[in-house]
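Taken one at a time, structure 1 and structure 2 that follow are two forms of one protein chain, written as structure tokens.
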Structure 1
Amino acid sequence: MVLRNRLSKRLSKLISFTLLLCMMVATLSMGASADEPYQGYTYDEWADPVPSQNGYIVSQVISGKDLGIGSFNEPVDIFYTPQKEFYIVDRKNNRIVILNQNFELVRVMDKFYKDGQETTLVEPNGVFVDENGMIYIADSGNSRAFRCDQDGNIQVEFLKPDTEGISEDGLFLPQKLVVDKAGNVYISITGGLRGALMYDKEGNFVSFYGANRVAQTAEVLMDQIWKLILTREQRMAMRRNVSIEIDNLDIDEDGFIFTVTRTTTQVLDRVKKLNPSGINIFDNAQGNEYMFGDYATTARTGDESTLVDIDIGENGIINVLDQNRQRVFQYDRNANLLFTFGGQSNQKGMFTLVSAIESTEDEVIVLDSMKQSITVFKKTLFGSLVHEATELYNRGYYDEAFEPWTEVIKRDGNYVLAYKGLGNAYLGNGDFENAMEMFELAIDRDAYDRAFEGYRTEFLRANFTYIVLGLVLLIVLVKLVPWLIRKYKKSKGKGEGAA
């Protein structure tokens, strides 16, 4: 009877939740079409997209003409500095455009000085600014990267090292770069066969760093077999299977370097989080399930996301830019998908060819190299609640995370991660029954099993005495009932004999 009542209660809750869910999905769909040109979504347990409220909405779209500096011409990189300024690489205009935090023009840098002689940029691709205001630029057309001061005086150049693994044609084309707190510079290059190049602060080449691996496809394995039987000349003539070059990189406040690779032929090493030794923490080869990009659509169509940039924001928030679908995918520090926004269109808040992404505390900024524009997305109240709840939970503050997760569900009963968050909060506090209910709503089987194990252990511990007494009683009954039956039959037989 108790079990039946519990099941009835859960079924009633599930039906109520389903009806509420349907109403909220309809409301969200109407709201999204009225306010934004895109519909946010996350994924369920089966990797199917589930509509959700938008965590970001378009704040403004800025062009070079709006800034009074003429049109941008292929803006390809943007960096938000510790001094709260934005540095934008305007590639074909051979200049760096600097804006303040309100996106107002500060100045344009298009002249630099080396040993007192004026020099200019030639199709630059990347920029980075350190805590001291030193500017690092990947000056691709001049086959160099360099560090300069705020007046454009070049202090150190980072040139092609005398080593193998640069590119098969010998060109040296720096693309993007980051700098760690020790002053070491990490540069991704075109044709970088062995990863990013690491230099010390004096411009000396140190080593390669964070090379991507080649997935062991049938083609790669066949080439390896042929190499065992071919002559040296024949092997040299074969197409080399080398690691795929790193396209972009960023560094977080703890010194971890994140890289992104635009490959559509393998999942391995598309997004990496590298420790100082260059070991990937997001390593799918170890049986993990770190997924980035639009894997739900990919699973149905085979059309992979093309990831071209990565940004690590406040509290470890990861923003990844998909150039195939012109969309932003945002994750927490543990690679749980939080929000998606953007898409392919000429509408405001949509893109034609995304090239770079950056973030501040409350904004995400995206460059479109074809529209020649800067799009600024502002975090919504819903986005703030999700970020607050996620960060509290990730830091182990389960009780404190309970309230914002509850508020998230009030605003969007469709947000699956909130149920997982509440389930984990209950689980962390030893409330296994409520944890089971939340994980059931989130359709998270593994987490439900963990909660059930805890519930079972707690039940056995609390009812141990009654269970033992019940077993003793059962044993007694098993022994007693046959004896009583035999005794009854025996007495009945005697009675019949006497008659």
Structure 2
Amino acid sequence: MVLRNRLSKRLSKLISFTLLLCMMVATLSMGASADEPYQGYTYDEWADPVPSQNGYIVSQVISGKDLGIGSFNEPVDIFYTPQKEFYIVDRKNNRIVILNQNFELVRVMDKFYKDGQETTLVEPNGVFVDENGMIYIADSGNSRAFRCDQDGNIQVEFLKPDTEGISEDGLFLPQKLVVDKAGNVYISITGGLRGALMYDKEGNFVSFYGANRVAQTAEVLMDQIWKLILTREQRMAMRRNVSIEIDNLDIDEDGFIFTVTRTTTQVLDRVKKLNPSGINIFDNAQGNEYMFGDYATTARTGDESTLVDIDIGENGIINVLDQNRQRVFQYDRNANLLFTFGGQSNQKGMFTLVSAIESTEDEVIVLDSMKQSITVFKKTLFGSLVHEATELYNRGYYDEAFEPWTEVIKRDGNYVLAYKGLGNAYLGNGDFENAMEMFELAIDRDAYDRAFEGYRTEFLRANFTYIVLGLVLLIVLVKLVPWLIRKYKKSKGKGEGAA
């Protein structure tokens, strides 16, 4: 009895010690990731969020006062120029603020000259700077957009076009703009149901560009059926199903224009990658599965991401800004989710109302139009590893990507994309067994199938003789054994009969 008591005491001591150790380890490992106010995540095959290492951490938060130019008042757009400067649209202050690479003030633009006469901005919304340093501004309050030089001399104005598809009495409010290599200007406007407006470099309206489609919901279908029955007058009185206007644009190095649409009612056309003829490359109707923003966790509407800005960074990295949860989603050029960061709160690195996003080589800059601030995120080591690996991977250098992917896995064993990368590297080297294991971890059925095909062929080739032998043996056994049993029974029966 005494012995047993002593034993159990020892046991309980041991258990409590182990528990304590576990708790200590747990708190320690928690501390390692708790320095950011947000927890990054990616999505797996089943659309479950999987926590991951942060690819970006907050480096600084800048307000107008820090720059010595008075508080910002609704900063709504930011542009990183080829000259490595930042142009920020300070909407309610009617000015453009120019910062250098290190976020120090260069100058403030608020006076412009048209034919020598001074003019100002009224609630501008968008800015763009081309390679020659020409500045394009969407001057919404004045119902115009214009191009000016570095001194503010307006060269060309882009005005409301006289064309069908834009109501004559409605306001003309240019929102955001991009300029392609040929100098064509694409402007998104409020109520631009037929897409963005495309102007040539002389300021002549050319055409509409990249209109969103109307999602075929049950309601729309019902309306179409009704239209077959109703009279013309009744039809005119009906609610019209029109597409949703484009909210924001960006252009990548190859001249593809990306658009986002701030809709919560349809998934269709939320993010588009348009080629020069306006055809969407990110089109799920072609059998792809491009998803942007948070996956709808429940059937509840209003829970989806409200995407307000898009930015194409180096190597085609896509940054998308969600105003619903104030989060940044970063994708590679093939729209694989890499990182998420940011969130809603008052902490540093979190937001109350995000308005614009821009990226440099190793920074992501987010504007908050309620906090009136600029938040700069810096890429972490993990982030650069993932970027290096994805870039190699997307270019097809699976072997070269092996090393960085291994490093990624060392830091985050849940990173699904890394397993895909490793699997493809193994597959390329004919190591089918390892490839299968990796693709199973990445839950990539099609890739697994490819690896399995190789594995099976190899297996059959190596073991062909054994398999054939085994089959022959099996047939012999199946045929032979019952025959033997029958014979045995017969002879036994005979023996009994004789006795």
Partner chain sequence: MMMSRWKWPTYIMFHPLEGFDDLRWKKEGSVRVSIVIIALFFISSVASRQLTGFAFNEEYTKYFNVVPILFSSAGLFAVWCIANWAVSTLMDGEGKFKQIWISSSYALVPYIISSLLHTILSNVMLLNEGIFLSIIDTIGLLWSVILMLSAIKTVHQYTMSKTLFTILLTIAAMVIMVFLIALLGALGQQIVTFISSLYFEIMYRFIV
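Just so we're on the same page, residue numbers count up from 1 along structure 1's sequence. What we label the rigid core is the largest C-alpha set whose atoms superpose within 1.5 Å from one form to the other. For clarity, every value in this text was computed on a predicted model and none was experimentally measured.
Between structures 1 and 2, only structure 2 derives from the form predicted together with the partner chain. Core-superposed comparison between structures 1 and 2: the C-alpha position of G428 differs by no less than 2 Å. The rigid-core alignment places the CA of G470 2 Å or more apart between structures 1 and 2. Note on conformational change between structures 1 and 2: two rigid parts, with the smaller rotated by 14° relative to the larger (from C-alpha fits).
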